[in-house]
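Take a look at this single chain in structure tokens; it is the form predicted alone.
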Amino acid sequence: MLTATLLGCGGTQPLPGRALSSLAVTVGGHSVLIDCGEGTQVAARRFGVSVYKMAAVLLTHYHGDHIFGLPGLWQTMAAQGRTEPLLMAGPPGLEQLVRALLCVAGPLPFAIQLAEDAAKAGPLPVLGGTVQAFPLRHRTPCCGYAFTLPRAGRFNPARARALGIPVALWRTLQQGRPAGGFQPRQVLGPPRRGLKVVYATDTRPCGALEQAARDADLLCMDSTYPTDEFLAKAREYGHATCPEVGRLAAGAGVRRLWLTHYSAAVTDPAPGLAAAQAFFPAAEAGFDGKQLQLKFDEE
């Protein structure tokens, strides 16, 4: 099972009840954090996401509303006694950013492992799945992230018995790991549909995003402006309108869509939600603390 928790859905500046950009993807109690705007660690505590058990922090880009929560997050990890290395990924410039923010956070009892230029780094193994970064269209280097949790093929007990595999080894083989000289492929069918969560902000709609979001269980996307009346501004500043988000979600065949990264001028998400639903009826308005538990398809 996978849980997605929207920790902040605001853009540019925080508002009462609306922290800045952040999404946590949690598997087995450990999380991947995507973006870390101001207020992220407070929201994590409020909505039950462990800061101590964060396996990785993935940054889309280095505008303040996506990174200003980092020094405090690191300090809290340190105060909780973390010593395990923390993986961090982002577009070019990550090492320089981390070096600068460490001047504020001070020495840490854990190492920070960097995946610089994440869109070119290839899949990153984390939480039993993989994270793949992909390029977005913004005013500065920016990337989105697709987290995929795979699912092994169906276990064939008759085949296991025929091969003489002890029952004590079955569970390990079911989990896709070799055991006792036997390989999972000997007793598993073809891989089944896994789970995929895609996060993309700040960005204009683009081909790389639509491809990455193809058949996703959840797409959480930049919805800065509510209607196409703001299209010129969206193009100028490298953001998306809610109708554009709805059209992209429909084209990519996603299962669920969350709107996020609202402009501070948007005090009511209802008009933008209606505009997105005109193209993707299942669209939902994001809000701080919005949570979804995803399970594998029944097969």
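Numbers for residues come from their place in the sequence shown, where the first is 1. Just so you know, these numbers come straight off a predicted model, no measurement behind them.
Absent from the display: the form predicted in complex with a further copy of the same chain. The rest refers to it.
Student: Quick one: of L163, A79, A208, A121, which gets a non-hydrogen atom within 4.5 angstroms of a further copy of the same chain in the model of the complex?
Tutor: Here the answer is residue option A79.
Student: Exactly one of G129, P71, P184, P135 has a non-hydrogen atom within 4.5 Å of a further copy of the same chain in the model of the complex; which residue is it?
Tutor: Checked against the cut-off, the match is P71.
Student: Does the 4.5 Å heavy atom contact test between A111 and a further copy of the same chain in the model of the complex come out positive?
Tutor: Output for A111 is no: heavy atoms all beyond 4.5 Å of a further copy of the same chain.
Student: Should T60 be classed as touching a further copy of the same chain in the model of the complex when contacts are defined as heavy atoms within 4.5 Å?
Tutor: Flag for T60 set to no.
Student: Indicate whether a further copy of the same chain has at least one heavy atom within 4.5 Å of a heavy atom of E244 in the model of the complex.
Tutor: So E244 does not count as contacting a further copy of the same chain.
Student: Look up in the model of the complex whether G39 has a non-hydrogen atom within 4.5 angstroms of a further copy of the same chain, and give yes or no.
Tutor: Yes - in the model of the complex, heavy atoms of G39 and a further copy of the same chain come within 4.5 Å of each other.
Student: Counting only heavy atoms and a 4.5 Å cutoff, which of 101-109, 151-159, 196-204, 84-92 contacts a further copy of the same chain in the model of the complex?
Tutor: Contact criterion met by 101-109 only.
Student: Can you name the residues of 7-24 that have a heavy atom within 4.5 Å of a further copy of the same chain in the model of the complex?
Tutor: The stretch 7-24, when checked against a further copy of the same chain in the model of the complex, contributes Q13, P14, L15, P16, G17 at the 4.5 Å heavy-atom cut-off.
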